Structure formats: structure tokens, C-alpha cells
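Given as C-alpha cells, the chain that follows is alone and in the form predicted on its own.
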Amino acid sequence: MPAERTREHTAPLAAARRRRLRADRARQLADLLRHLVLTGGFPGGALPHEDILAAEYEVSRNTVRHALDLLRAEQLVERLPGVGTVVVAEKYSHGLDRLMGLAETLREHGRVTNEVRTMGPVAAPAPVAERLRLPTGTDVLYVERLRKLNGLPLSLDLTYLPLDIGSELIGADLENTDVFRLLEQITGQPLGHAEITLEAVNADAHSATVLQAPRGTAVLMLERLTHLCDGRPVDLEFIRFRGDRIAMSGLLRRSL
């Protein structure tokens, strides 16, 4: 009897462990396939048959199906009747190891345009004034732009600039020109460095509407404070990227 009771208790645990292991393997496989999807690893955009993937990665066909379900949930692939699983979305690589404007970063992928939604002087909130090294309440130029790549919404940028520099942007061609390029023209000196923070946040109602994304969906939030080469901070940005259309990349070197 004790042995039977032990088997009764351990059997559900063993089944749960098998399910967990299958889920783990599916997630691992999805990571490998995602990389290939995003780097053009499937010529013509069609993934191999499930049996071929199962044999290549030494997993069960059910594991392959689970992995593909994960990629479908990310809207990267879709299953088409009579065709199979195909790539339906493309993410664009945004480098984090060089200080570049969005149009410079994505120039190989198409044309970046900017819809200026709001622009004008505002009293700098304390955190903004502090980071731009200005007295609290000093007027700064506030700019809100919806940025598109080949007509598709990509990011919502909220930007604060010192007014002595920002006022020169009023009337400039912000629809077709990166702010970085304009800042260098206005100041007569190159940009030097930027401090960045990258995190995932849930899209608020306003951001979701502007980006044409489901409300509450995760977006990549890039906070960036850019300095001129002389060290002066001149551009504080809060950028919300559609996570399904952008991938952050960079080259890191170990230094102890």
C-alpha cells in the first residue's frame, strides 16, 4: 500500500515535469528559429516542414509545433494552408553601439519620415531641468513625433531641448531630417556621447493609439540623454518603439 500511494503521488509530478521539459524545449527552439527569422535565415521566407525541423533539432514534432505557436503569437510567422509556415513580419535592427539618428540607423531598410504632433516651449519639469542642467521651470522646447519607416508606425518620440538651441528647430524640416543632424548644424559642433536606458513598458492608451498597437502591449522604451562633444547635454528623449518592428543590437567588449 505505501508503494502504491507513493506511485499515486509521484505520477502527477512526473507528468508535470514532462510537460515542463517539453515547454522548455519548445521555448529553446523558438529562440533559435526566431534568430533565423529575423536574420533572413529562411530563403524565400518559408520555414522547413515540421518533420525536417524535428529531425534537425532532435526534438519531437509536438515540440516544433509549440515553438512555431510561440512565434505566431509574436506575429513573426504564420501558417498558410497548402504552403506551410512562412515569415510574415520583419524586425529592423537598431544599433546601440553608435550614436546615430533613426534615419541614419535604418537607411538600408527604407525611408524614415516624421509626423510632428506637438512642438513648442514648456516649463521644464524638475527631472528634465536637472538632466539638461537648467534651473527648474526654465522653458525648454518640447517635441512629440511619430516616426514611420516606409509608412509604418515605428516609434513615438518625446524630446526636450534647451530653448536657446531648440528655438532654432522651429521651422526646420523635422519631417524629413533627424534632430541629431539639425543639432550639429545649429551648434556647429558634433555630438559627443549619450547615456541610455532601455526597458520594456506597457503602452498607454495614447501611445498605443498613435503607434497603432494594441493597448497594453509591450513597447521598448529607450531613454536617451545626448551631449555635445563639449559635454553639454542638449537632447533628452523618451522613445517608445513598437517591439514587433524593432530589435536592439550592439557589440559589447569585456573590460575588467
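Here the structure is a predicted model, which means the values were calculated and not measured. The numbering used is simple: start at 1 and walk along the sequence shown.
In what follows, reference is made to the form predicted together with another copy of the chain, a form of this protein that is not presented.
Colleague: Does at least one non-hydrogen atom of Ile196 fall within 4.5 angstroms of another copy of the chain in the model of the complex?
Modeller: The answer is yes: Ile196 has a heavy atom within 4.5 Å of another copy of the chain.
Colleague: I'd like to check something about Leu146: if you look in the model of the complex, is any of its heavy atoms closer than or equal to 4.5 Å to a heavy atom of another copy of the chain?
Modeller: Leu146: no, not in contact with another copy of the chain in the model of the complex.
Colleague: Is there a non-hydrogen atom of Glu78 within 4.5 angstroms of a non-hydrogen atom of another copy of the chain in the model of the complex?
Modeller: Flag for Glu78 set to no.
Colleague: Quick one: does Ser207 come within 4.5 Å of another copy of the chain in the model of the complex, counting heavy atoms only?
Modeller: So Ser207 counts as contacting another copy of the chain.
Colleague: Choose one stretch from 80 to 88, 93 to 101, 162 to 170, 146 to 154: the one whose residues place a heavy atom within 4.5 angstroms of another copy of the chain in the model of the complex.
Modeller: In short, 93 to 101.
Colleague: Report the residue, out of Leu191, Leu47, Leu68, Ala54, that has at least one non-hydrogen atom within 4.5 angstroms of another copy of the chain in the model of the complex.
Modeller: Checked against the cut-off, the match is Leu191.
Colleague: Out of Ile186, Val128, Leu174, Val112, which one falls within 4.5 Å of another copy of the chain in the model of the complex, going by heavy atoms?
Modeller: The residue in contact is Val128.
Colleague: Residues Leu106, Met119 and Asp235 are flagged as a possible site; in the model of the complex, is every one of them within 4.5 Å of another copy of the chain by some non-hydrogen atom?
Modeller: Heavy-atom distance to another copy of the chain in the model of the complex: none of the three under 4.5 Å.
Colleague: Just to make sure I understand: among 202 to 235, which residues lie within 4.5 Å of another copy of the chain in the model of the complex, judging by heavy atoms?
Modeller: The stretch touches the partner through Asn202, Asp204, His206, Ser207, Val210, Gly216, Thr217, Ala218, Val219, Leu220, Met221, Glu223.
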